[in-house]
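Heads up, the chain below is alone and in the form predicted on its own; it's given as structure tokens.
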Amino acid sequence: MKKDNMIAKEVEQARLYQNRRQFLARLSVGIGSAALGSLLIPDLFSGSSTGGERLASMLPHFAPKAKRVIYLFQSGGVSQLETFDPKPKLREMMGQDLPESVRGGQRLTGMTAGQATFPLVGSYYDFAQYGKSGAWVSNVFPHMAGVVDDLCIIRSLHTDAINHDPAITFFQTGAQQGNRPSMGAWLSYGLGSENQNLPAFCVLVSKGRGNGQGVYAKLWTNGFLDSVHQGVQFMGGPDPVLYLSDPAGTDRMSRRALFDKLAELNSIQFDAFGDPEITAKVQQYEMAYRMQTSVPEVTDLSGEPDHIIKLYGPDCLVPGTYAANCLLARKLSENGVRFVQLYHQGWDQHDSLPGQMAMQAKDVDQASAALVTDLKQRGLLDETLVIWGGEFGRTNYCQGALAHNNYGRDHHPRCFSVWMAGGGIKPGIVYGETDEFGYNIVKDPVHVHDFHATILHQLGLDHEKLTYRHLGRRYRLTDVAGTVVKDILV
């Protein structure tokens, strides 16, 4: 009897003190199988203090309007004055100095702070109204003008950063400093993956023909989230994902056996140290194994019909171009990738803006519009949120030499334009308004945190509830700010 009581007491103590790590170590199936199961709910076995919260946060907080996002990020700072926000006043006052009453002592970059004057310069390009909405679009973007009734153009976005690195980082992570999770990582963490054979977060990088501000892996980092949430970069060429192919002399069976043995070794390490990154590593091995089959299939564009090639333009058959990446973004999205981030470089026109912007527009105009059209005709636009825009706008005054057909513009964080389409966003509207000089917002400002809050809302996530505890505080994409822009929602 005494022995039975002792056994019962030990069992009860084991039940009370057993944690997830001990449970995994005692499972006969081992950590490899546990990793396979945890792909459905990443971080379930991470051992973090937020582990219990993850079970609830893998589901949307409310019914989503969008299932996934394609973000066409135009790196370098697209000029709002040559795209979607015409200002006839600037043409009328060409060469006159920007009134101090308009600038209001706002900060300048080091590139123009030393100028003796700030001569106003109107757009080299003409604008016209298009579609039933009558939205104004520059004549350098005829294809986007053709889908303007599917777009919501926001003219009143503003940001806190005035230089590229902090501004791009701010748009991607909600903070100007590095080592914060990117938006795609937050969505992977909050919603998981729709397709277990592809990452939840994929990154595509193309290069423009103008001035190129570099992009770098910290923009798609997982930050303090488990590394399974980091963006996976797809490359142009025969090997879309680096190090994915089997080494020479190996086959699928031997590769599978290798992963199984690695899982056993990692199980020993996990039992000894309980490091959640060990689990993440096993998940990544398993994902890589399955991607060996899925990635070649999804990146093969040879099966696309002629009318789709014509829609995107001939460049879509050239790996690594913006057009090819837009088409690949559609294929990834329709195969369940939660967040596709496309970076296109070359929008930093401090000089020679008219000529450089014409080249940039030639690269992106047709394919951007084609993506919207393609998703729409496939019945996917309603559930896919497409975003187009950069990290800030450009000044209404000239930087450097001024001529009607040759001028530059400096960085301008106070107001700029982006567009959104699909995913429960109202189509065919223009939101927000800037003054007649295109320098300040006069109606319906949208801060970057508001922008992020709205994107998360469309995916069924309350930006105040999508949090992660790190270093003693709860972090979120919108930090301690952000308001959903409800006026642009269907």
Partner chain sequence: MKIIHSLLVNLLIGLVVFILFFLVFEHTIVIPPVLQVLGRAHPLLLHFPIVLLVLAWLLACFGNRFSLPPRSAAQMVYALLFTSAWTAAITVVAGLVLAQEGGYEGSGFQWHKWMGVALCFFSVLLLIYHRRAIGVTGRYDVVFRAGLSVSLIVLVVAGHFGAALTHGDDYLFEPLRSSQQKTLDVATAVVYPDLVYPILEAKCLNCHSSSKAKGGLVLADTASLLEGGESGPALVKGSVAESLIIERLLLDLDHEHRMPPKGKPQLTSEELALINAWVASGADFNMPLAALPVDDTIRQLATALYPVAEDTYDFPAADADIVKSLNTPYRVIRPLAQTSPALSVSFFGKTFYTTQSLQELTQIDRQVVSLKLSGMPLVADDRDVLGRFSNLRELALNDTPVDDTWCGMLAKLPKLHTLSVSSTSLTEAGLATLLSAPALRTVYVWNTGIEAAAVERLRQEHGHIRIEQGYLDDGQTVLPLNDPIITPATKFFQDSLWVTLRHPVPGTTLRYTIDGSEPDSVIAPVYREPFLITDVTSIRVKGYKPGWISSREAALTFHRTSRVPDLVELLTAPNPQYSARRAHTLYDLESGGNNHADGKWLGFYGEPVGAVLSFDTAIDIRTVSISVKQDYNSHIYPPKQIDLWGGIDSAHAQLLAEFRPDLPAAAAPTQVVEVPVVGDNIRYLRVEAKPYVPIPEGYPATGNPAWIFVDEIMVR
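Numbering follows the first chain given and starts at 1. Please read these numbers as outputs of a predicted model, since none were measured by experiment.
We do not show the form predicted in complex with its partner chain, though everything after this point is about it.
Between the options His404, Arg256, Arg107, His307, the residue in contact with its partner chain in the model of the complex by a heavy atom within 4.5 angstroms is His307. For the options Leu242, Ala272, Val318, Leu265, the one in contact with its partner chain in the model of the complex, meaning a heavy atom within 4.5 Å, is Val318. Taking the partner from the other structure, its partner chain in the model of the complex has a heavy atom within 4.5 Å of a heavy atom of Pro60. Within this chain, Asn335 lines the site of its partner chain in the model of the complex, having a heavy atom no more than 4.5 Å away.
At the 4.5 Å threshold, heavy atoms of Asp382 reach its partner chain in the model of the complex. Although the partner is absent here, Arg290 lies within 4.5 Å of its partner chain in the model of the complex, judged by heavy atoms. Although its partner chain is omitted here, in the model of the complex all of Leu191, Gln196 and Leu311 have a heavy atom within 4.5 Å of it. Listed stretches are 164-172, 216-224, 196-204, 91-99; the contact stretch with its partner chain in the model of the complex is 196-204, by a heavy atom cutoff of 4.5 Å. Along 432-467, no residue reaches a heavy atom to within 4.5 Å of its partner chain in the model of the complex.
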